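The chain below stands alone, shown as structure tokens; this is the form predicted alone.
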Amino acid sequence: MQISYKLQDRFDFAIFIPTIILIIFGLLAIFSSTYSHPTAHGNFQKQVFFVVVSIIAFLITFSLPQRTFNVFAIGIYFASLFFLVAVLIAGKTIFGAKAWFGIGGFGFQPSEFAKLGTILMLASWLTYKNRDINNLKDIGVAFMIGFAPIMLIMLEPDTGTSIVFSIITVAIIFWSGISLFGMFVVISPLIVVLASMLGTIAFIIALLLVVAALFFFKKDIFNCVVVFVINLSSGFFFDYIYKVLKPHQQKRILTFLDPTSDPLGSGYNALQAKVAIGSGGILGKGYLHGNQTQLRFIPAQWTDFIYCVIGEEFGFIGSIIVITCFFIIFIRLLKLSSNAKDQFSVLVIIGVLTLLFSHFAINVGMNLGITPVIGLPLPFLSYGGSSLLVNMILIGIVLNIYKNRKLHT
């Protein structure tokens, strides 16, 4: 009894057990959607291998001294930027995005590794020597830490992952105690970029709103000019990046803005996913008996649309179990962030929470037809070694923080 108590005091089962349940659901769904597929039948065996490697990586991460993550944050971040540059030069193009390295029969996606690097780097930089996040210079550096990988990922292009990086950056900076004006400085360039994607008129309106906000904050002329130039530059920079993209890459961005522009592509996938989930009913059609799944109506449904496989074959009950596991993890992460004793740990946990929640909300929304189809995997369930490995490392870091939480009391 005493041993059990000590184990619970050092290991957070409330996060680990739901994570393992999600991985098991993912394996079941991947096997169901690939076992009779002419080219993807080996994906299940690969994912089992990824699961084993990811759990080993989790255990190693969990056992490291906690200060390791802060010490190596800079190195991990710049290594991730190096790989993002390298993949643009020597990467493998899949579905129009040059985002993978091919290694034998496996693939490595640097943008997944960059999520780890960006979270650690932002948390480390924002907590170094009691930094003043409300200083315009410090805000600018924090923004650039998050923007650097976004810029490189947009060149692949991978709009969905870029959006996730933007959300992570804003969430971590917000949690660091930034003022309302500071948050405006961080968010406004992102809004201007999104507006520029919608056309010249939307871009001009966004800039006018920025000017109006600057009058509202009543800052000195230097700060106002700097903020306006940042916003103006962000819009023009995106326009430049868009023009140098290849036609098929531009089409991916246009499809993100308007999924109906590609009714036989992403629009078709979303429609079939809704049909699959809706046809599952309460208990589902039974494992390996889903019509949409087994007849392969949705291409590569073992990745972005794996949730519809669960909805069709395990029904409403299976879908709710998956959602419940995610919410247990989210609530627990939020609680751990409020109980963490040092600010670096708080920001890391918030970064992990934001990453997982963003992927969850967008992916499930894609499957239900309420968010655009932008190609984001469902954490712990979707096929993919890079995503699973990084997510398990991040869970290992969180549980490491939980294990060492009393060292700061």
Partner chain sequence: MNDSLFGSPIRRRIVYFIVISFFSLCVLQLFNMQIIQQPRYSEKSAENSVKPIYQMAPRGVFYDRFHRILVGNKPSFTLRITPSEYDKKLTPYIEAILGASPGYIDKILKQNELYSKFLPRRIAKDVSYKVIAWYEENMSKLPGVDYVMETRRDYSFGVMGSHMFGYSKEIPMDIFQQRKDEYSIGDEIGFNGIEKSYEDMLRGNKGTRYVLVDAKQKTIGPYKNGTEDQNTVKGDDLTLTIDKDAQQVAEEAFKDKRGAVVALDPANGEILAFLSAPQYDLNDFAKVTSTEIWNQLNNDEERPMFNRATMSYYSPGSTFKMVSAIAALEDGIIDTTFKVNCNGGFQFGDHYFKCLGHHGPINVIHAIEHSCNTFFYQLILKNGLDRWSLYANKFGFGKKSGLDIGEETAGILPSTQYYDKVYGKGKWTKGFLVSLGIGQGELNVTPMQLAEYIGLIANYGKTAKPHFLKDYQDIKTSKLVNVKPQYYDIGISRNTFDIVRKALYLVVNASGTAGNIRSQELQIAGKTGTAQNTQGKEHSVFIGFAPYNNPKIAIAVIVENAGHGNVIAAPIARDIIKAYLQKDKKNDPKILAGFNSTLSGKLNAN
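From a predicted model like this one, the values you see are computed outputs, not experimental measurements. Residue numbers count along the first chain shown, from 1.
FYI, the form predicted together with its partner chain isn't displayed, but the following is about it.
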TL;DR on 378-386, 58-66, 25-33, 338-346: the one with heavy atoms within 4.5 Å of its partner chain in the predicted complex is 338-346
Checked 374, 51, 364, 356 for heavy atoms within 4.5 Å of its partner chain in the predicted complex; positive is 364
Contact residue in the predicted complex, chosen from 204, 71, 94, 320 - any heavy atom within 4.5 Å of its partner chain | 320
So in the predicted complex, does residue 40 come within 4.5 Å of its partner chain, heavy atom to heavy atom?
-> no
Is residue 307 close enough to touch its partner chain in the predicted complex, meaning at least one heavy atom pair within 4.5 Å?
-> yes
According to a 4.5 angstroms non-hydrogen atom cut-off, is residue 118 in contact with its partner chain in the predicted complex?
-> no
Residue 44 near its partner chain in the predicted complex, any heavy atom under 4.5 Å?
-> no
